[in-house]
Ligand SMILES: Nc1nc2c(ncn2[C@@H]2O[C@H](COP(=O)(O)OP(=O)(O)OP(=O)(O)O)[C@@H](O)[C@H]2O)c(=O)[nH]1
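Okay, here we've got a single chain as structure tokens, the form predicted on its own, with questions on binding and movement later.
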């Protein structure tokens, strides 16, 4: 970082970016203070920052955010801080600015107005919106340190640390220049609860489950619902061992901030640790409340293996867990699922439900399925993507909907088998004689733009292939826009 000289001549702003280095999204970091010379860039990076640009940043951030200078009433500096994203078109940048006051008994109003400004290319401003909570935390921390350290050299060290933290953070992003929405999904729970195995099961990497070791710290992976999507989905698999739990609980502002979706895993076979699991769940909810984070939460009652479905003890434990979760989660939207790696559909159902909560179009999807069901006399419809993730469902009754979720994986596997051995004369398979022998199931492959999707239809009375084919073009066309903005 570099400090400016006093009484410098006020230059004019230039019309070019501050830095041509595109290896890092951060173009500049500036501490500006309103002193006897007016708004002045006191500490800045890069060291060769153009003086004209530095002065422009200081004047614009302080003059716009200072307003009527309420601090001059001498009411103190606490609570006087503002965030703002300001455009700097002359230098083709956008800045996230934090306005605050520095106590100074010799200054007018006993305080100096100051700003910390982080600048990026104007085409990358989505970075600010997607990472606002994190940026606010570290900039607020830096402002507090500046307030408590009066010496220039101390402040230079503080601003250097901010710059380094910002650059380290952007290095962790796969594509910091992306205009995509950033989504953070958390997998939490005790060690051995099955978090990593859940992910391997979803992705059908069964051999990896056998070789998997306890997660150390945090493992980050990415998810793509579609090859092209408007979001970058990052999955944080948090290690469940005690030392790692303590770390992410103590550093909740890093690990638990800006969560879009959380999966919490409880090993229902580990009866002795159920209370410990519930205790961790309560701690996480408490920290989320402190951080003002209220993501949807999917609780996986995991390792509910097929041979346990008749166990009275296990069902009693399930009831206890459900009751305890409800007691402590009235401010959250929580859904419970019984999951096991021996039933792939149990994993997909829980995972798909969680992902659906991230989609702004989930109601529009359901409405499209509802309309298609009406036109084709279908009792229920389920829409899957190529990987078997449930994009949306519609059913007239809870019973038919539940039945559909149970039988869907079998029909998908059957279709894949028939397709592999080239036994399909059409792009669908039909099963009749369901229930009272009047209902039929159709599993049909459809092409929506370049994506292969699958429809599972439960027909009430007669086989309506002609109606399905007739209404399918409009249905597929309506899905295109929804898929582009699914997540």
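Residue numbers count along the first chain shown, from 1. Small disclaimer: the values here were computed from a predicted structure and weren't measured.
The same protein also exists as the form predicted together with the ligand; that form is not shown, yet it is the one meant from here on.
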{"property": "Every residue of 214, 302 and 305 near the ligand in the predicted bound form, heavy atom within 4.5 Å", "result": "yes"}
{"property": "Segment assignment from 338-346, 163-171, 144-152, 107-115: heavy atom within 4.5 Å of the ligand in the predicted bound form", "result": "338-346"}
{"property": "Distance check, residue 373 to the ligand in the predicted bound form, heavy atom within 4.5 Å", "result": "no"}
{"property": "Heavy atom of residue 239 within 4.5 Å of the ligand in the predicted bound form", "result": "yes"}
{"property": "Contact flag, residue 194 vs the ligand in the predicted bound form, heavy atom cut 4.5 Å", "result": "yes"}
{"property": "is_contact(residue 311, the ligand) in the predicted bound form, heavy atom dist at most 4.5 Å", "result": "no"}
{"property": "The single option of 91, 284, 190, 325 touching the ligand in the predicted bound form, heavy atom within 4.5 Å", "result": "190"}
{"property": "Residue among 269, 359, 317, 367 with a heavy atom within 4.5 Å of the ligand in the predicted bound form", "result": "269"}
